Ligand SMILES: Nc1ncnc2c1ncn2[C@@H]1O[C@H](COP(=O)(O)OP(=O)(O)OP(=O)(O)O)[C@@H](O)[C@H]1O
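A single chain comes next, written as structure tokens; it is the form predicted on its own.
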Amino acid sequence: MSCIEVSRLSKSYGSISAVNKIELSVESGQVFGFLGPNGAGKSTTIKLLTTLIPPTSGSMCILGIDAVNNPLQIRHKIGVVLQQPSYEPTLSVEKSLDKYGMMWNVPKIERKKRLEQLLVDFDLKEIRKKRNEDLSIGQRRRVQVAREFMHDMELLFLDEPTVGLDPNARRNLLDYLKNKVKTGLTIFYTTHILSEAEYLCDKIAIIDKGKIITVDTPDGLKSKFGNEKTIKIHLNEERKEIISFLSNIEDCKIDFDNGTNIIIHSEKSEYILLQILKILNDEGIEIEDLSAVPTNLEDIFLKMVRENASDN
């Protein structure tokens, strides 16, 4: 069942097209990753889908509701954590959570129960009495995400939720979100950290210059665009003449960090590697270390954005 259905959705500001006729379909009960470079249209798309701004054209169906004509119906069913910091400076952590539950009309007994659980889940117990203005950036971010779970929702929008979090807090949040999705929650997730998307997301869309350039699973993206591998060779001693020996090999890109490190990029990595090893052996050049690294999601992302920029 689709949770989000978008058709030819656009948002323009004068002559600037922030979002340009995008098509999206997000299934319920999954984490949908939305990736793109700065200024690509990610935050504008989230503001459209959460009905914070109206579209210039196109249609949006969110949770089975026409979101263009019935925005208020949508807002009662979703949660939103935007990229910008949002907190009540003079309220303590626990009072901030309780206030948020009150805003959503959560009964007092249930509020107390959820509050105590969220303090544990987001590692906030030791700072529960601290005012938000006295917290670190990472602590405020944890409170900002945690308070969204004070109310029931079917769909949660998270825009760069791990900004300011240390690696341990980041992983705890990702694991928390994974468990929430198992209960039926759908999450629309933007991030600049590609390893997060690979770990968390069931499906990923990449947007650039207001247009979606691909939608697939992380494994699907690797299968389609990740044939290229990176081979690293470290020599025992500096041999600058190796550059001329390898310069005529085709179907690969060879970088030289210095006279001892060779980095090869190729979709025919195994074949290219055999050629290079033969040349090194023929020239009597000894290898100290060799490794082959499969293409990861970050490599694919950067490659696709570069190609999209060159096409335009």
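Throughout, we count residues from 1 along the sequence that is shown. Nothing here was measured: the structure is a model prediction, and the numbers come from that model.
The same protein also has a form predicted in complex with the ligand, omitted here; what follows describes it.
- Here is the short version: of 266, 43, 275, 50, the single residue with a heavy atom within 4.5 Å of the ligand in the model of the complex is 43.
- Residue 192 is the only one of 232, 76, 192, 128 with a heavy atom lying within 4.5 Å of the ligand in the model of the complex.
- For residue 18, a non-hydrogen atom is located within 4.5 Å of the ligand in the model of the complex, even though that partner is not displayed.
- Residue contact with the ligand in the model of the complex: residue 58 places no heavy atom within 4.5 Å of it.
- Using a 4.5 Å cutoff between non-hydrogen atoms, residue 247 does not count as a contact of the ligand in the model of the complex.
- Within 4.5 Å of some heavy atom of the ligand in the model of the complex lies at least one heavy atom of residue 38.
- With the partner omitted here, the stretch from 21-29, 300-308, 8-16, 284-292 that lies within 4.5 Å of the ligand by heavy atoms in the model of the complex is 8-16.
- Counting a residue when any of its non-hydrogen atoms is within 4.5 Å of the ligand in the model of the complex, the one hit in 152-170 is 160.
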